[in-house]
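Next up, structure tokens for two forms of one chain, structure 1 and then structure 2.
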Structure 1
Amino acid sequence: MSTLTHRYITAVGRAVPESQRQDVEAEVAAAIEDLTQARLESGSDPQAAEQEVLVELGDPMRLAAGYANKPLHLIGPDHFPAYVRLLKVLASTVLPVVTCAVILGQIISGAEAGEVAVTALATLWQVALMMAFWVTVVFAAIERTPGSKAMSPQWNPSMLPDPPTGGVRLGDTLASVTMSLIGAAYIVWQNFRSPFTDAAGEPIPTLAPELWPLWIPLMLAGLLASAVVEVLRYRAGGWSWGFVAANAAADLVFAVPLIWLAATNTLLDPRFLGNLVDLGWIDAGLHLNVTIIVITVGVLAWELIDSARKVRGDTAARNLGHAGR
């Protein structure tokens, strides 16, 4: 037996359970022998014949799976729906809860705002990876457990997800535009009205005045742009990928400077924070910055996911509307 054939047989044997190994190896050896013999009789030279036979039998792992009746997939059709559903449930429950817990823990232990944000993102990433990994491992193990087909939960109609409510929602648009306008108005208003005044009796703004030449107008532009996108979206009859992109751009123009400034502790006026500290709120700067970052990231993520999710429903509703006309 040549080394190539020997290696092939060993490779097949290694991939079947030990109890069947000897048997399968003998069968594969006999099969190779027969197939090679037939080729030699029709005039091939020995080396070419062996090569052809091994190519014909193909990947030893695949052949072994045939012999041992093992699946050639990680998670098969019996368990795949349950696998995807579980991943979705975990991603929408465990992931945010763990991340919020970590943020809280960091704040309590007195970390800097930027540090908290970085840790929160790192935690989010790690927990997501761990979750996906272990769920996959468990399901791959279930797939390979004999009799596991009976374990897969019976589907019934009550498990259907709610249908996406397509079409424009005036309430959504009004709420969104109002939020943007209130935000913009507040940014302007806080410059002139404040609970605190300085020695000269001038009001101390909440946001650092150094941000006016560039950052504050940029954030105002972002807020107003998202209000405009919102109105246009309403008139166009719901989300499309173009609006998702425009909305994301407007949101980022507002959110990125806000997060960055909060993380570097340059967003709030130090005199304003000083007044809060004097009132007994020792960690006012940290708490406010972290709250701003967490809320901004949360709202941003929600906006992006929600708008992308609604594209399909809205498109369907639009097409339905056209068809009905």
Structure 2
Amino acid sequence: MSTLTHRYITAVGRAVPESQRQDVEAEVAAAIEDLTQARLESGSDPQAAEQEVLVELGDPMRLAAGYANKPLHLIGPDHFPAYVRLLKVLASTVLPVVTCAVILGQIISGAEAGEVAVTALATLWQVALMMAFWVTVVFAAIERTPGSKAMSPQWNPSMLPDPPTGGVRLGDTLASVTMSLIGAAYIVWQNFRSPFTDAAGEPIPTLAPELWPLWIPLMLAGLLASAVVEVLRYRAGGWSWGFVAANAAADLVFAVPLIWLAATNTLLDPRFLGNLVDLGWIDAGLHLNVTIIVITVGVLAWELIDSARKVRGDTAARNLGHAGR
């Protein structure tokens, strides 16, 4: 036996349980000898024949895995679909809840806006990593459990997903445009009309008047841009990735200033909050700012997820319409 063949057999033997080692090494040695002899009979050079046989048998670790019946992957095809589905479910449920809870806790504790954002992003990253790690560990353990293949559900046609549905609806478009216009109209209206008045009988706006030179026009621009995107999306026949990006940009133009101002307690007019305190709402400023931030973050996240989710269906509906012409 040459040194090269001996090294190969030893490498295979090291990768199998000790109880199987002697039998596996003998079987591999016999296979190498038979394959080499066949090549020698066909006229191959002894050294070349040995090289060809070892290349044909492949990596000794892979060969040993076949003898020991051990997978060389973390998660195999039997459990991979369930693994991916579980990760998607956890990412769409646990991560948003944890993020909102962290943001709410930071705001209640009086943290600055920058600290809130950094803590929320750090927590989101850590939770995502830990979630992916432990789900992978569990499925890797299941993969190596005897009889685990019987645990995976048998596929049948009833498990097929529904075909993508899509197509823009006039009612949805009108509702979105109306909400954006109502929001813009209220921002303007509240500066001149209010159920709250000062000692002179003048109306007290909800939003701080100091926001008008920059922040309020910026938020108005975001709302009006959202309405324009909705109209253009309707005319185009539904969502596309371009409209998703445009809608996200318009939403961020409105939402980022709103969240920042609420987090820094500069969004609401102090006189408006003072009236609420006089009426018995002691923590009006804190409660209203937290509510505004949580609702805005939730709506923003939903808008981004929902628009991205509808791209496939709307694209399919548009393609179907073009094909039918």
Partner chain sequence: MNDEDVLTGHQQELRRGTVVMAALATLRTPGYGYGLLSVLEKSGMSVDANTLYPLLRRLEKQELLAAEWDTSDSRPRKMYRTSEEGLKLLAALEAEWNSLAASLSALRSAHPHEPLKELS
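The structure displayed is predicted, hence computed values, not measured ones. Quick note, the numbers are simply positions in structure 1, starting from 1. By rigid core we mean the largest C-alpha set that fits within 1.5 Å across both forms.
Student: Of the two forms I pasted, which one is the form predicted together with the partner chain: 1 or 2?
Tutor: Pick structure 1 here.
Student: Superposing on the rigid core, is the CA of residue 283 displaced by 2 Å or more between structures 1 and 2?
Tutor: Residue 283: C-alpha displaced by less than 2 Å between structures 1 and 2.
Student: If I superpose the two forms on their rigid core, does the C-alpha of residue 80 end up displaced by 2 Å or more between structures 1 and 2?
Tutor: Residue 80 C-alpha, core-superposed: shift of 2 Å or more.
Student: Is residue 257 displaced by at least 2 Å at its C-alpha between structures 1 and 2 when the rigid core is overlaid?
Tutor: Result for residue 257: no, shift under 2 Å.
Student: If the core is used for the superposition, what shift in Å does the C-alpha of residue 134 show between structures 1 and 2?
Tutor: So the C-alpha of this residue moves 3.6 Å.
Student: Having superposed the rigid core, state how many Å the Cα of residue 32 shifts between structures 1 and 2.
Tutor: After core superposition, the C-alpha of residue 32 moves 11.1 Å between structures 1 and 2.
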